[in-house]
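Only one chain is included here, represented as structure tokens and corresponding to the form predicted alone.
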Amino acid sequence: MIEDFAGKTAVITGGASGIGLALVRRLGQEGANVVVADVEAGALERTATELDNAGVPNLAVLTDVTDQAQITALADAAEQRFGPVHLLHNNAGVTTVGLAEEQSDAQWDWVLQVNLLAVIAGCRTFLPRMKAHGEAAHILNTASMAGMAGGPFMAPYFTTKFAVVGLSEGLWHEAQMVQSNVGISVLCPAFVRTGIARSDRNQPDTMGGWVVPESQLGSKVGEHLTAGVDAGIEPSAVADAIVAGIREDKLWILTHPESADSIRSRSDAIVSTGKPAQVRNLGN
């Protein structure tokens, strides 16, 4: 269990914006060495400059998390600069919008690669190294309340977030059985003011957009998502919850007061009716 982050080394993917950047800043305040990984070169450079100006020991590593070789290089670079890694936050995430069958192979592949396969690769790369150094360590995977309850028009996103919850719970149980030095947490926020609704800024050139055309409700759902994100909580509040959750060695880190009621309502509906609560028609 990590109780004091001072002098510890943390690696955060998607660390130059949103939740990742908020955690980078918070850990810097806690006295940690921060390794910021991101696919956006400009944002990464700005983050490194901010940390340098604040006197935070840091390393910025341009990283495409869909490339296993780059994840391995990230782990190597972190260890070469600061020594053992104590916290990994698999945080990079994207989304697409549209009916499941109308989203392209490229859209499905992109979301699966960034949101799920990269998380698996991060765990498989860093976990053995953390176990080998033997010091208190922790892995945090970003899922979502979209990994606790499904909905329409974002099937690739829901698929990956449910899978990240399952992966994290599986790793947690394994850690309990072998009395591992590595704690496991999964972050399940609701709406947060991040750039997730502008995922297209990092999409592959060949993908052709992140929203299925308006005739299939794509644009309207995209607008709904953007409005929800804009009305969400600040990333700094999520960072506070993360630090508290890791110190308390929680598996699930929930960030919104209403999340507990949402989970209970979903469970009750499934047990009593065999169906989750129906989401209102976003096309209206």
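Note that this is a predicted model, so its numbers are computed, not measured. The first residue of the shown sequence is 1; numbering continues from there.
Just so you know, the form predicted together with a small molecule exists too; it's not on screen, but the next bit is about it.
By the criterion of a heavy atom within 4.5 Å, D52 is excluded from the residues contacting the small molecule in the predicted bound form. Residue contact with the small molecule in the predicted bound form: N91 places a heavy atom within 4.5 Å of it. Although the partner is absent here, L59 lies well away from the small molecule in the predicted bound form, with no heavy atom inside 4.5 Å. For the chain shown alone, T66 is a contact residue for the small molecule in the predicted bound form, at least one non-hydrogen atom being within 4.5 angstroms. Across the options 122-130, 98-106, 138-146, 77-85, residues that bring heavy atoms within 4.5 Å of the small molecule in the predicted bound form belong to 138-146.
No residue of the trio L116, P156 and F162 has any heavy atom within 4.5 Å of the small molecule in the predicted bound form.
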